[in-house]
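First, one chain by itself in structure tokens, the form predicted alone.
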């Protein structure tokens, strides 16, 4: 496939775009064509993509591996993105009509069953509500909305129309996360009482996006769709009108996991952050936050930080209990469960049942390292824990299981893993972080904030 990349991009942006395109091209065209043809017409779900930026392309990549999905339309206000999405889908047998305005698309595309909304966050609510009102099911990227009011309207419209609304917190469909939650935590209680959680999302420094003048939208078109210039359109995540900053764009994933794994909504939050590096941005380039929860076992706290100037250790979550702890991520390198030898019963039976997999103590293979560890044990209060693994891997793109769940809900009535009400509660928790940064004090959640 010939992809024309706009002039004016930085070298880093060009390399990043090229890598993404290469990943798409690396997929077998034959396999994807077979997947598209495998579903009989009665099982086929006709879909439109709204938003053909980076995240939209990621979701298309995952959908192309799901047999029942047929793309019929592509919608984006930027012609360059329209062409990219439509041409790419065409190479895999998906003939799509192209639109700039989602309202025109919903009016003209009568055969659509569902839309995938990957627009900038500020448009999630109007696009989703319009699609639901038009009788379409919706898969909407997280964060559900950049305002609580917008998220609330999405829930109310979903209830009114009765159509399905899945929010893109894709870890809720990830088989490793499901195993960790349902088997390791809930069934076997291997961590004991969870008292703390922590997480991070660290991204390397990135330059703002640019494009060559010949690809820019004219001022009138930009104004029509709510943008002052191309800089805002290409870098919308950094502007308060369009998004919630990195804590919403990245942190939303893992803050949602804290709520899920702890079985509790946050009751309070404190946070610190600032525009410490990217001086021309409106949103904080780093945020550090602490949530407090009332769980069925007692008080728990989570610590979380999102940084945009270092990729140190990537993104992960850690859950710490009296009898064990667990590190988990969509990144394969973080997949460990640690048994506290001093407080936990043996896990052998759980290893035999396949809930965890034993990892040999690598320190024992090196005499000097073992000797040093023994000194540390004498000086410290806790012996080194046993290391186990979560014996579940994901051999699909991370978003594919969540999309599969959405399409199975449409076709067969399967329950959604992240329906509107769940996405709403996560949005309430995440959006309060930015308020806490401004307030510079502990903010409490009222129970009614989570209810509609």
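Numbering follows the first chain given and starts at 1. None of these values were measured; they are calculated from a predicted model.
Keep in mind that the form predicted in complex with a small molecule is not shown, yet the notes after this line are about it.
Residue heavy atoms within 4.5 Å of the small molecule in the model of the complex occur in exactly one stretch of 180 to 188, 135 to 143, 150 to 158, 342 to 350, and that stretch is 135 to 143. The small molecule is not drawn, but in the model of the complex it has a heavy atom within 4.5 Å of residue 54. In the model of the complex, the small molecule sits within 4.5 Å of a heavy atom belonging to residue 253. Residue 170 belongs to the set of residues with a heavy atom inside 4.5 Å of the small molecule in the model of the complex. Residue contact check for residue 200: none of its heavy atoms lie within 4.5 Å of the small molecule in the model of the complex. Put simply, of 300, 287, 257, 77 only one has a heavy atom within 4.5 Å of the small molecule in the model of the complex, and it is 77. For the candidate set 231, 237, 358, 176, a heavy atom within 4.5 Å of the small molecule in the model of the complex is found for exactly one residue, namely 237.
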